[in-house]
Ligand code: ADP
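Read the single chain below, which is given as structure tokens and is the form predicted alone.
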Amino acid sequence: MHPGMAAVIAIGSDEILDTVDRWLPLFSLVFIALLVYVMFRMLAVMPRTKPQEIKASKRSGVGWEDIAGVEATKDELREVVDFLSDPRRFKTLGAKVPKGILLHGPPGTGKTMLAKAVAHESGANFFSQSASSFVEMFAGLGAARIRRLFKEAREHAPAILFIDELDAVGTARGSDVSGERDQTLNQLLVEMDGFEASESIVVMAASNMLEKLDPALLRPGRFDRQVFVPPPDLRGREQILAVHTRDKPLSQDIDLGRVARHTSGLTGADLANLCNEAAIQAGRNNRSFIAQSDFDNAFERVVAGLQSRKVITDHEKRVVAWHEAGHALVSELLPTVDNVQKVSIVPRGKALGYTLNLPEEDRYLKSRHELIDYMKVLLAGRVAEQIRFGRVTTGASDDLAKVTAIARSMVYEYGMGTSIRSHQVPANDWNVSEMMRQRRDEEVNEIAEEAYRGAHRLLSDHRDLLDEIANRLLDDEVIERYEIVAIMAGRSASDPRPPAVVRSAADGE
């Protein structure tokens, strides 16, 4: 290289270095300022999480007299009340109160109220937290809240520490991608192992999904006592109705036993809502008391939904009339099905019409014959459309979904198919052969077809009654029980005392 050129390059390099040295501090300051600005902006948009205030409630305000319909569960929990009220009586015998009590069952059965009642009756401090409040986007915050909760409970013993919806953090570990829920659950397990029975602390929790909880939660020494809180039976429903109407003015014609018989399957929360809706109905009618009709209207609103103002065509109204008449007629012809109390083609909720079947007693077991009869009732609406109009509509979509679910359960769960071999392997077992899967599907279809043929035969044989019920619906829109009884007996619906319908087993095949 030429010496002169080398000198020029050297001079140029020196100038570049001088320029970099001169501007580098300024660039550094600008970069740091931008970095700080971005960090502040990120902090501004991120949710601020501050420590939750944990307070103990000395009196929850809920006692045993406020809870009805779960007497067996209350007897189970009275042991905890006795221990917290008089621990010396048990300690002299070497007895220890269970560290954890898990209340599980369907939603609305009163699990949270039972925990409050235990705290109220024992005089213990009551700490209540929802498990979902422990789950945060920042790792470690949920575990920290668990530690604070147990620390407060120890400082205010005797105490009831209640965790609602435990499944929010208590599901089996390994499914959480972030690891925050697993870390929170681990801290809960550690805390439950860390306190002794002498501390007079009882951990109670509620969950609707016992089968999804981590097995470590359910072992002895943690939630070692699991108490099932079932929906109330007939006597329990009547007691719950009495509790929720004790501060409401009732008329003399109110029969809470009748209301209880007609509300099979409803939980305590449903019944509380029913009583409230009846009071609202009475207030809407400018009455100073609640009548039996208010409970009837409230029940329809709870079960069938709010009366709709949909405007349907005359043809649609006729289709709905024959559809509901099919449901009602088959229900009356089959002795295993609950009595029809009301049929309506007035739209309610999403339905354009409905048939109200009310049971007279609680039943917990159903035979294959009874399930198929119920499927006949469900399919009768679609069959009635086919018989009267020669075609079917989309109105039976919900009925068909229920029929499919029942038929599948009969084959997959109850072993009620034509072959018991189809029930020998679980429904979700991937090792089942394709031939077995096909056989199961065929059995499901056979059961549904059997119910469809039965409904078609009943409606074809009693076509005159089907048309009479449908025409009465077109005229009056609503048919009550006594009118259905009169139609089935072949008498005038104006008779004030129609005889009871005698349904023979032969009608149900």
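All residue numbers are counted from 1 along the displayed sequence. These numbers were taken from a predicted model, which means no experiment stands behind them.
There is also a form predicted in complex with adenosine-5'-diphosphate (ADP); it is not shown, and the following applies to it.
J.: For the chain seen here without its partner, which of 281-289, 332-340, 267-275, 403-411 has a heavy atom within 4.5 Å of adenosine-5'-diphosphate (ADP) in the predicted complex?
T.: Careful reading of the contacts points to 267-275.
J.: Please pick, from 107, 249, 215, 220, the one residue with any non-hydrogen atom lying within 4.5 angstroms of adenosine-5'-diphosphate (ADP) in the predicted complex.
T.: It is 107 that has a heavy atom within 4.5 Å of the partner.
J.: Quick one: from 473, 67, 444, 459, grab the residue that has a heavy atom within 4.5 Å of adenosine-5'-diphosphate (ADP) in the predicted complex.
T.: Filtering the options by heavy-atom distance leaves 67.
J.: Residue 384 near adenosine-5'-diphosphate (ADP) in the predicted complex, any heavy atom under 4.5 Å?
T.: Contact check for residue 384: no, nothing within 4.5 Å of adenosine-5'-diphosphate (ADP) in the predicted complex.
J.: Give a yes or no for residue 328: in the predicted complex, does one of its heavy atoms lie within 4.5 Å of a heavy atom belonging to adenosine-5'-diphosphate (ADP)?
T.: The answer is no: residue 328 has no heavy atom within 4.5 Å of adenosine-5'-diphosphate (ADP).
J.: Does any heavy atom of residue 111 come within 4.5 Å of a heavy atom of adenosine-5'-diphosphate (ADP) in the predicted complex?
T.: Although adenosine-5'-diphosphate (ADP) is absent here, residue 111 would touch it in the predicted complex, with heavy atoms inside 4.5 Å.
J.: Though only this chain appears here, would residue 244 touch adenosine-5'-diphosphate (ADP) in the predicted complex if you measure heavy atom gaps against 4.5 Å?
T.: Looking in the predicted complex, residue contacts with adenosine-5'-diphosphate (ADP) include residue 244, since a heavy atom lies within 4.5 Å.
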